[in-house]
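Below you'll find only one chain, the form predicted on its own, shown as structure tokens.
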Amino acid sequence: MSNLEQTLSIIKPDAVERNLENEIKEMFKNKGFSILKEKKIKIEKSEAEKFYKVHETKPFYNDLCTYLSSGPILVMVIEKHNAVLGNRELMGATNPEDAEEGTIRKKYGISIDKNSVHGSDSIENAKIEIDFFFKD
């Protein structure tokens, strides 16, 4: 039996702006995730730059940071067995056009940039990302 894992999920500005938080949260719950913590926040571009620091050498970095800080986001700590992988499967491919049917990005994503959700890509990054938003 695998261990319970926690991962970070962000409902991005394009989805919050379209009032999709509850639909997306339902998709998580239907896949067996527990939502342990959640808060709606607006971050500054400088905070987005810190959050996405791993991507700072990539060409899309600036746009990504501008976008994440462009409106309110909902950050959540979600938990289940194999949460990191489960979340990535539920989100779907980064580009909504390539995402499988039934994934969040296929259903709600607008573009490769406005793809509605972010999820941690590893256990290590999940811990870092959760601490970033939920330092108690």
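Treat the numbers as computed from the prediction; the structure is a model and nothing was measured. Numbers for residues come from their place in the sequence shown, where the first is 1.
As for the form predicted together with a small molecule, it is not shown, yet the points below apply to it.
Contact check for N115: a heavy atom falls within 4.5 Å of the small molecule in the predicted complex. Among heavy atoms of V77, none comes within 4.5 Å of the small molecule in the predicted complex. Contact annotation for K50: none of its heavy atoms lies within 4.5 Å of the small molecule in the predicted complex. Proximity of S46 to the small molecule in the predicted complex falls outside the 4.5 Å heavy atom cutoff. With the small molecule omitted here, the record of contacts in the predicted complex names 56-64 of 56-64, 37-45, 69-77, 23-31, defined by a heavy atom within 4.5 Å.
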